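The chain that follows stands alone, in the form predicted on its own, written as structure tokens.
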């Protein structure tokens, strides 16, 4: 029986563990750096059909519908006056059993944890070193060494595994943008509302059937290196309120009074594709590659990559990295294009963008290529 070490108890690591749990050819252990998993986080995520199909294989179709929402459209609006630019029908990519879904991230984590025996998850495991060979030896901060046939790194964009393997090259780079997350109650629209403004955009969408909504804003922001890594600075209430005020002043929504539980995160992205030299070490989710959030594929790609890796190990093939690079390139190009287009500030460029949005949002061939190739492939 092959032994697998999974580093990180996020979406990718937990989904991969659920798949391995159903296969008796492998044993596994999850190592999580933190001392617990926070299930009180009320922030939302979007899951397109490509990931729902995979989650349904492990019983997600039985998940409580009251904790989910199934938006039918994404509506593009000018932030300044909330006037609608156009909309895209998301339901055209759905099928009878797989629907575009929004929910709280913590609820998805809780669902994934339910499929994993408690003794398979070890906390307070800070990875210190990796010795590569026919077997992978992992040294943790408690000085204990563990040997495994495979190492699956699912420890996110700040992956300790990548930093050990690739040194400074394993570090992500700041994207000159800040994300603001929060929650809103009783918003007026139950679709995904995407507001476009100069050097920022924000999205509001329902995350369950209880009139709770997620708020996520991305604001262009240059910061010196010292401030990017200063948690106290990013957690400072004045800094967060100033950012929210900056957005709210260029919008006709009173976001300052509507958005609650605000958290601030610098956006980091991967610098390049990095593939370990050892054939028994694998990177999944954001640990493999992290892209801007403007295409809303972070969680879905974490699930997809875990599924691809499981298929590779189960069938003893070696196509994982080749497939993952091709898939990631699709997402990167769309994420970067969206980020650029959403943040235009020149009035002429905005007019041109809005005209194109109105045309392409109703062009089925374009939508199938731009969205369908991701959602349905």
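Everything numeric here is computed off the predicted structure, so don't read it as measured data. Residue numbers count along the first chain shown, from 1.
Here the subject shifts to the form predicted together with a small molecule, a form of this protein not shown in this document.
Although the partner is absent here, residue 57 is not a contact residue: none of its heavy atoms lies within 4.5 angstroms of the small molecule in the model of the complex. Contact between residue 160 and the small molecule in the model of the complex is found at the 4.5 Å heavy atom cutoff. Taking the partner from the other structure, the small molecule in the model of the complex has no heavy atom within 4.5 Å of any heavy atom of residue 200. Though the partner is left out of this view, residue 126 does reach within 4.5 Å of the small molecule in the model of the complex, counting heavy atoms only. In plain terms, the part of the chain that comes close to the small molecule in the model of the complex, with a heavy atom within 4.5 Å, is 39-47 out of 57-65, 39-47, 320-328, 307-315. For a residue to qualify, one of its non-hydrogen atoms must sit within 4.5 Å of the small molecule in the model of the complex; none of 177, 247 and 343 qualifies. The listed set 120, 80, 181, 240 contains one residue whose heavy atoms approach the small molecule in the model of the complex to within 4.5 Å, identified as 181. Of the listed positions (74, 216, 130, 151), a single one reaches within 4.5 angstroms of the small molecule by any non-hydrogen atom in the model of the complex, namely 216.
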